[in-house]
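First comes one chain, alone, set out as structure tokens in the form predicted alone.
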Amino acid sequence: MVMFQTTEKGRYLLRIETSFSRLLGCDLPILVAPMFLVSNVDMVVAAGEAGAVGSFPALNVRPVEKLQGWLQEIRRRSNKPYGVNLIVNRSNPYLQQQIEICLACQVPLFIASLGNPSQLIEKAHAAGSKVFCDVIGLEHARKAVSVGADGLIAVSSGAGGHAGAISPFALVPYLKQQFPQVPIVAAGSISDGRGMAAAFALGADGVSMGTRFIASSECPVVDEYKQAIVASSPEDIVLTYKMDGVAANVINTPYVQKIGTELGWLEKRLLRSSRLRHWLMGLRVLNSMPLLKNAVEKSTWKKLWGAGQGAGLVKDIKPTAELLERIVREYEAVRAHLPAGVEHKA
């Protein structure tokens, strides 16, 4: 149910109630996704103050000791729920420090990616925090739920950055069918209220949007990156393994075309080794971070920009609050025009 209220300043208070919004205490079941080297404090605060849940990857903060400062600033500027994304496999050498700092600052939501979340879940639950896990299929989801995940983020094909291979039309209802006891958040190619309505029709309890908010006023990336999002079509998004060996969607810039999107035969062979995989991924992340950082912070011919297929629906750059209000109004308009029933005749 969507509720609109007018404040004294003439703005609208928006609220959509689902199991996701009830669990986290937010007004909107929308997660502004944590984006590597993109998300920052301003984006998190703006999302929270507009009713959504803002988030950022802990790896965006270097050195790790500065993470406490980010968390303190978020809490100083907003009392709304927010999330921190942690890479929970061995490729993240800062994981234990990140967990301890986040728990000390009472982070309300953790988003676990690329690994076994059991240790994080145990510590987070002891502190009263929630943990949602990124999953791309049943195997990941089953493991996450078995160790106590509070929710699942169904990362589908077409998602920006690290992406799954299954269509959201299959993945979201499949996971909801298998795990009705936890909220399912749909992620992948959702950029407006139409996508949100479709996700809820599939059984999702929330949606995760990243690419749409790269083209926001608060996003700190270079304007060239934002304009590339606005100008891109779904066909301009390609899947690459060059970042860290894991499938990721990026804009098909001339630089991406030059370096290619496939790994060499030796790297493919090494990544098949369970013992070497985590270390190779970590090494690739460390090696690629300066390139990725330069691409989002300044003009360079080495343009490696993460984006999902939903970029084709992004046509402007606006403040986060305005975008969220528009998304909810689009969602409500779709709901209002859905047919109550369809008559079939032979």
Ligand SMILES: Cc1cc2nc3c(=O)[nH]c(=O)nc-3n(C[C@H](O)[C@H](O)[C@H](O)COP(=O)(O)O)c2cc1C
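For clarity, every value in this text was computed on a predicted model and none was experimentally measured. Just count from 1 along the sequence shown to find any residue number.
One more form of this protein should be noted, the form predicted in complex with the ligand, which is absent from this view; the next part is about it.
Student: Heavy atom to heavy atom, is Pro29 within 4.5 Å of the ligand in the predicted complex?
Tutor: Answer no; every heavy atom of Pro29 is more than 4.5 Å from the ligand in the predicted complex.
Student: May I ask you to check whether Gly83 falls inside a 4.5 Å heavy atom distance of the ligand in the predicted complex?
Tutor: So Gly83 does not count as contacting the ligand.
Student: Looking in the predicted complex, any heavy atom of Gly161 within 4.5 Å of the ligand?
Tutor: Answer yes; at least one heavy atom of Gly161 falls within 4.5 Å of the ligand in the predicted complex.
Student: Considering only heavy atoms, tell me if Met209 and the ligand come within 4.5 Å of each other in the predicted complex.
Tutor: Close contact exists here: in the predicted complex, Met209 approaches the ligand to within 4.5 Å, heavy atoms only.
Student: The ligand isn't shown here, but in the predicted complex, which of 141 to 149, 167 to 175, 201 to 209, 89 to 97 has heavy atoms within 4.5 Å of it?
Tutor: Among the listed stretches, the partner-contacting one is 201 to 209.
Student: Of the residues Val41, Ala50, Met35, Leu67, which one places a heavy atom within 4.5 Å of the ligand in the predicted complex?
Tutor: Residue within 4.5 Å of the partner: Met35.
Student: In the predicted complex, which of the listed residues (Leu109, Cys102, Ile214, Val135) lies with a heavy atom within 4.5 Å of the ligand?
Tutor: None of the others qualify; the residue that does is Ile214.
Student: What residues in 50 to 83 sit within 4.5 Å of the ligand in the predicted complex, counting heavy atoms only?
Tutor: If the 4.5 Å heavy-atom criterion is applied to the ligand in the predicted complex, 50 to 83 yields only Pro57.
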